[in-house]
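One chain is shown next in structure tokens, namely the form predicted on its own.
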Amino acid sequence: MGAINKLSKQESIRLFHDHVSRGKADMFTSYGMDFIFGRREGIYVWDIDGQKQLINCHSNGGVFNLGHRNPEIIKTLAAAMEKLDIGNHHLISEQRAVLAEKLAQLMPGDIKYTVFGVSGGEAIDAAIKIARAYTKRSGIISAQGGYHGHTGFALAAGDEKYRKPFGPMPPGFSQVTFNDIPALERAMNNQTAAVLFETVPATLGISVPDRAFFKQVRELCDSKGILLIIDEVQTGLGRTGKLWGIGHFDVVPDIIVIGKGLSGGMYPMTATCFNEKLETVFKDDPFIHVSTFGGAEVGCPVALKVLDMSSDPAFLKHVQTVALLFEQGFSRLKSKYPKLIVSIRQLGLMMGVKMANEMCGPVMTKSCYDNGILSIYANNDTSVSQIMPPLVISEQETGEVLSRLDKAFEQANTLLDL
């Protein structure tokens, strides 16, 4: 089985340090968080040496919406591997056609075409390319503190901290305060091609916008001939209790970008989905944008199974039920730790705990780890801890998470001396 379970934990750390990232190896070792995924199942992961178990409340930003090694996903991938391989991205494909049709059926409004990719950044790049080509404009407005990936145009649309070390970015990109309509209107001009927002910006601290925000964004875009791109890489596929997070706001974008969870945690797959008028971008040269591994045929049945499972009304109802349990549990925890917990930010199972100051997130990450939870703080607002468990979490497991969080908050409260 190759390198699986062949190395000791210390040897794995040494090789990672010497050949992958010495910075990560040193940081996690110094913080006492040198956890290496070994066994994994459902909402749980175990350290490679079997000594520690964590409940995954990070979920890789939604990659593990359906849990680790979901049996249905494994079965689907195994069957696909019996007959398929990557395929050829230049040619017509049965598998990509079937998957794209399913996406068209599930998308809001008139969104009916899809370009497939491998990473979220690649999918955002495609969305921006489409917007610029269609409008013949170059301006892209995104949110300060937002995150759309680490590649090309996606990097240019993200927060400065990710861009600055790499020198000048392409011109035409600007950022505004999220959930601020006057700021957005001031930033728009006759060279603006598109507005690009995450439905709920995770890296900004699970910032849930006002209910009227996206309707106002849509109206502004329509009045000025600007396209609306919605990044659903983390909020999509049931994370918020609806199939698409933008569904809470009764808005139809021009382009929706999805990823992470579309993989089922087993095969990388992303999708840039757009309405019919934008498909004209590819009319003269249908090869103007290609991705060798985008929509790999062996991965298409996996993504199709993910869509079937995620769009099931019973599945979405379960997410809503569990989300209510978390809402009630967080209310109790906020009352118990009033100096530590400022507020709870939540839309379905996309949850953030806003705490007293910027040190709280890093401290809480370590406290969660010590108490058996994998959770990270929001990198662009370190006062917020992200809580994003797999959507298949049971009601009993929800109680277990809340119990472990209680202990983690108690530990963080003591360490921070609040």
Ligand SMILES: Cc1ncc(COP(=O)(O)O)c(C=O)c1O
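One-based numbering along the sequence shown. In this text, all values refer to a predicted model and were calculated from it rather than measured experimentally.
From this point on, the text means the form predicted in complex with the named molecule, which you will not see here.
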(request) Using heavy atoms only and a 4.5 Å cut-off, determine which of 149, 265, 294, 241 is in contact with the named molecule in the predicted complex. (result) 149
(request) Tell me, out of 119, 310, 346, 192, which residue has a non-hydrogen atom within 4.5 angstroms of the named molecule in the predicted complex. (result) 119
(request) Flag residue 303 as yes or no: does it have a non-hydrogen atom within 4.5 angstroms of any non-hydrogen atom of the named molecule in the predicted complex? (result) no
(message) With a cut-off of 4.5 Å between heavy atoms, is residue 260 one of the residues that contacts the named molecule in the predicted complex?
(response) yes
(request) Report whether the minimum heavy atom distance between residue 125 and the named molecule in the predicted complex is within 4.5 Å. (result) no
(request) Mark residue 234 yes when one of its heavy atoms lies within 4.5 Å of a heavy atom of the named molecule in the predicted complex, and no otherwise. (result) yes
(message) Within 4.5 angstroms, counting heavy atoms, which one of the listed stretches 75-83, 225-233, 131-139, 274-282 is next to the named molecule in the predicted complex?
(response) 225-233
(request) Could you list which residues of 192-228 come within 4.5 Å of the named molecule in the predicted complex, counting heavy atoms only? (result) 198
